[in-house]
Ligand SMILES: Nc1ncnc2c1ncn2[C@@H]1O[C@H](COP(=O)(O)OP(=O)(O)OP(=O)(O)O)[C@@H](O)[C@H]1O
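Encoded as structure tokens, the following chain is the form predicted alone, with no partner shown.
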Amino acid sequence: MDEGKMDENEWGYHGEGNKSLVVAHAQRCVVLRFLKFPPNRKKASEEIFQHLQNIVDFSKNVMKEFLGENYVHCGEVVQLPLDFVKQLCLKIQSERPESRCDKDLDTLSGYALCLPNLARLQTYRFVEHRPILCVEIKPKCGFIPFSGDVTHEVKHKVCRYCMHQHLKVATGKWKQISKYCPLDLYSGNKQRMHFALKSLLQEAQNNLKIFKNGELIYGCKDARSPVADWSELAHHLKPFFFPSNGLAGGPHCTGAVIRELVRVITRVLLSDSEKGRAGALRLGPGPQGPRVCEASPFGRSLRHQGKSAPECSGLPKGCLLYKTLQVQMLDLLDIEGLYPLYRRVERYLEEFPEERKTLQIDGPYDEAFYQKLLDLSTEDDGTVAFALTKVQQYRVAMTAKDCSVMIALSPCLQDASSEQRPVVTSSRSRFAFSVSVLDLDLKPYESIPHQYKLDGKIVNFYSKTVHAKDAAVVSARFKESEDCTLVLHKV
């Protein structure tokens, strides 16, 4: 990329999160990622550069080691003409969601992160001429805490995502509770995975988006977004899955197209592009870690039908979901067990603030940082070193709990035998595909107190609302039985 000849008209708005904004090139398979800040908070150029460089180093030295080089794309820091950045900022402003405009694009430093466009098939430098479908999934945390430090019994039965749904709906973040449960997706059981993916398609929230040729065609921007329109989605997808146009329109066609999409995504998620390489971690929930969340509608519906939950098939060790779950499970102590260790590190830093750099809290995220993450012991020897290791593992685990998986699909050409990439089949089509992971910034050390408070808030709210409902149901049943009492009198 020639930074000297940048034209803002060649770039378009792609999307943004809480901390960064992404624009995509119209012709080339690249994106630029800019940091965002509140209007009154400006950072020095050196700070911006170091922040972005830390993101690259963490991806390269830590997440690539854990997840595998086929899945992680690190990018590089580039410096752009300030004129170009300012013009680009003006050009895309009208496309930004209103809810995201409380922060501004960094237009002062000129630094950005240049990355491959993961909504496109990887390995090609330029945009391919054949159509490309990309599904972005944010799977969230795929296990129930197994730590003995957990004090709320409900956390051993119901996953964090399902509990958090109740709080999000009550506070107006979303309109209704999603049927999606991460444990169903991570189960490796196709029936449960299909249910999880259909639930995501019904209530996407910010956990699922679908792009066609790089353009967003399906996904929820905020709680005010219209209800998911499956018929419109099926219209976009039909040429991919039924190219001969053998299906007529209507609900039958819509259902068939959605089923094909769900099956293909499941096959890709279970695919093993690393040929059985399990990654650097060997963790597991152990016998005490439940594999099914009690709040999952899938499990509930089976119980109502008097059926037992299907066996966990388990994920192939080389697939991305398996590796992501292993990294998530670096959260060995849960936030309840971790928070006192965070406080130990804090007390040490208050006494010896100059040690912050030595402890590598803000980087560098190098080989030495990575090696310390491999210590899976949970025996607390009372040292700052032990506390710091657990804190850093927790930060990495939280990163894996919030990452996104990008699945790019493109119909195979007739000479598909010459394809260098893996292929997945549906009923009537074959697709070349690539799987990538993004949103791999290390979670901030300073966010731990917030996580601790949020955890308590989620659990308390869930306990009160669900238990209140259960109590009301029991009370209603008791009242019904009172009304129907049969009284026998002596004759």
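Since we're looking at a predicted model, the values are computed, not measured. Residue numbers here begin at 1 and follow the sequence given.
Beyond what is shown, the protein has a form predicted in complex with this ligand; the following relates to that form.
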Looking at heavy atoms inside 4.5 Å, which stretch does this ligand contact in the predicted bound form, given the options 60-68, 30-38, 421-429, 43-51?
30-38
I'd like to know if F211 sits close to this ligand in the predicted bound form, meaning any non-hydrogen atom pair within 4.5 angstroms.
yes
With heavy atoms only and a cut-off of 4.5 Å, decide whether L302 touches this ligand in the predicted bound form.
no
Would you please decide whether G12 lies within 4.5 angstroms of this ligand in the predicted bound form, comparing each non-hydrogen atom pair?
no
N117: touches this ligand in the predicted bound form, heavy atom cutoff 4.5 angstroms:
yes
Residues E16, L438 and D441 are flagged as a possible site; in the predicted bound form, is every one of them within 4.5 Å of this ligand by some non-hydrogen atom?
yes
With this ligand left out of view, choose which of D331, D184, E136, D106 has a non-hydrogen atom within 4.5 angstroms of it in the predicted bound form.
E136
Between D272, E203, E336, D402, only one gets a heavy atom within 4.5 angstroms of this ligand in the predicted bound form; which residue is that?
D402
